[in-house]
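Before any questions on how it binds or moves, here is one chain, the form predicted on its own, in structure tokens.
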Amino acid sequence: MIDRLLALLTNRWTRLVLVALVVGALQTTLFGDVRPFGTVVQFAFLYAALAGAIHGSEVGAIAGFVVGFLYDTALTTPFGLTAAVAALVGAGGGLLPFLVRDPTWWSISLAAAVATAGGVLALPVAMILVGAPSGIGGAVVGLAAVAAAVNLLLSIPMIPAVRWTLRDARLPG
């Protein structure tokens, strides 16, 4: 019984759900109110992009879907739309190992910023595809640039947290 509980607690997917709850709470509270240059900080996209850049496209897509799904519970957009875009952001961040053999912290941060910008650009397109009004208009490129710059700075302290959350811990034995 204790072994099963310990295995559950050391599972990276359990840690992902718990950390995704914290990321979603920060996204909807603190980063929902802090708006540099009138832009919402895309903390959920940052987490998804870093998960992909550090652990690969598959893990990034799963992490993005989980974080986006939890973020969708607080949004008025069609349910699951942010989860789908965040999964694409995580998978896009996971393309870094194809471009760089041994990624450094700055290349991981840069990949997260680029993936965030792609997610900010893709979200209004996805909203239009499902028939929801995006309400963003032509300013989306500026919003993507600001979100990428902010996430470039925020990625530096987030890299160790994402590494810890999604590392594959093995129990001895």
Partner chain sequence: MVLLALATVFVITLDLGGGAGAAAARGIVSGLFSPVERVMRVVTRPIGDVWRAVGEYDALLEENQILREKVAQQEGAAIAAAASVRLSQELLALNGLPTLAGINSVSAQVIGEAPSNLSATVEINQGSDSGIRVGMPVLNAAGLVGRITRVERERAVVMLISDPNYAVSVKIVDPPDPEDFVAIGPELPDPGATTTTVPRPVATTAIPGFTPGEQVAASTVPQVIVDVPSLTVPAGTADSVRETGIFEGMGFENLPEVRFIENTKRFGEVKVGSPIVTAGGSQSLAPPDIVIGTVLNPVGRAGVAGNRYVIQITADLKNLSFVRILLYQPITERGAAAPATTVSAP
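Bear in mind that the values here come from a model prediction, so they are computed numbers and not experimental data. Positions refer to the first chain, counted from 1.
If you look for the form predicted in complex with the partner chain, you will not find it shown, but the lines that follow are about it.
Undergrad: Evaluate residue 29 for contact with the partner chain in the predicted bound form, applying a 4.5 angstroms cut-off between non-hydrogen atoms, and reply yes or no.
TA: Heavy-atom contact with the partner chain at 4.5 Å: present for residue 29.
Undergrad: Should residue 145 be counted as a contact of the partner chain in the predicted bound form, where contact means heavy atoms within 4.5 Å?
TA: Outside the cut-off, so no.
Undergrad: With the partner left out here, check for me: in the predicted bound form, does some heavy atom of residue 78 sit within 4.5 Å of the partner chain?
TA: Residue 78: contacts the partner chain in the predicted bound form.
Undergrad: With heavy atoms only and a cut-off of 4.5 Å, decide whether residue 109 touches the partner chain in the predicted bound form.
TA: No, residue 109 stays farther than 4.5 Å from the partner chain in the predicted bound form.
Undergrad: Do any residues of 87-119 have a non-hydrogen atom within 4.5 angstroms of the partner chain in the predicted bound form? If so, which ones, in sequence order?
TA: Residue within 4.5 Å: 91 only.
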